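Next up: just one chain, as structure tokens, the form predicted on its own.
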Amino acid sequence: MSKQKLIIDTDPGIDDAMAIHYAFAHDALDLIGLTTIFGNVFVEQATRNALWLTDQAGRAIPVSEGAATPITITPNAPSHYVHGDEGFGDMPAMRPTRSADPRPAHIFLADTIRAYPGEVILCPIGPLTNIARLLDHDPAIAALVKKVVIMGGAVDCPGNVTAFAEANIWNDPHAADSVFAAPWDMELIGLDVTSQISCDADDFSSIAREAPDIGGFLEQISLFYIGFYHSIIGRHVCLMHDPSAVISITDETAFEYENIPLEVICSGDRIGATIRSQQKRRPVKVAKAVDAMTVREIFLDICKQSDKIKKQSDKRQPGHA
């Protein structure tokens, strides 16, 4: 059975790293590229971290740097208090072995999607600036993407950076609104469901026991993330925002959806709010309910395989003895 081609647009970020390693370890996914964006960290940090994650997984896939700032608004500060100064909790800046693809992210996306028309799922798990730039650069691309699966938004629940707004949408509301207005198949995995999905320290310890290399890294960075969530929700867990978006691709039946046309408020006190649109827009499949325990178990089961999958990948590399 052929694997599903996937590109993740990302601002790594602790839960981004979890999502990316899940995608590398899953035998139904073919992660063919990463594009980077500002958000959890500055874009240069995001690119460095994404390259290092590909090194760690033994996968020399392209990493293409994207936007450093939003389309219109003044940039918000990176979420260092959530993800650490360098993006991976208390860990120091990583040193990848490779350089980024020379193409800007929106060009890389256009080239790659056109090389595999109708085959690529695009999964943005950061602000949507690169995706809006892709649409501006190549408006016809919407018909060539298999679907877009977005981690972001808070449709019928409170936001996580303001009472109204989820962080990815809030960081570039104008970009998000243009993405929601585009005529492509789109799914939204937002706070309506991701706020229900969590893992604790014992969960990450169980991954580390089975996969000491990659799982040990995930356990190490999770401690900072769990500490942040303990400080704001009083529970010793972390919410699994970004991994849930990728898990929705491999295990869609764990989620229940409602088709809702969406738009984003781009100014005023409610800036960044994702709301039902009265405009004539193509409905988005918005995840409204989730089997949170199943999603958690899927994440743990797949990530426990990560070291084994890396070893298999290493054996396929040219020149391996």
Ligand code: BDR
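Quick note: we count residues from 1 along the sequence shown, nothing fancier. Note that the coordinates shown come from a computational prediction; the quantities given were computed from them, not determined experimentally.
What comes next is about the form predicted together with the ligand, which does not appear here.
Of the residues 195, 112, 160, 206, just one reaches the ligand in the model of the complex with a heavy atom at 4.5 Å or closer; this is 160.
For the ligand in the model of the complex, the listed stretch (174 to 182, 132 to 140, 96 to 104, 235 to 243) containing residues with heavy atoms inside 4.5 Å is 235 to 243. In the model of the complex, at least one heavy atom of residue 167 sits within 4.5 Å of a heavy atom of the ligand. Within this chain, residue 40 lines the site of the ligand in the model of the complex, having a heavy atom no more than 4.5 Å away. When contacts are judged by a 4.5 Å heavy atom cut-off, residue 128 does not count as touching the ligand in the model of the complex.
Although the partner is absent from this view, residue 188 stays clear of the ligand in the model of the complex, with no non-hydrogen atom inside 4.5 angstroms.
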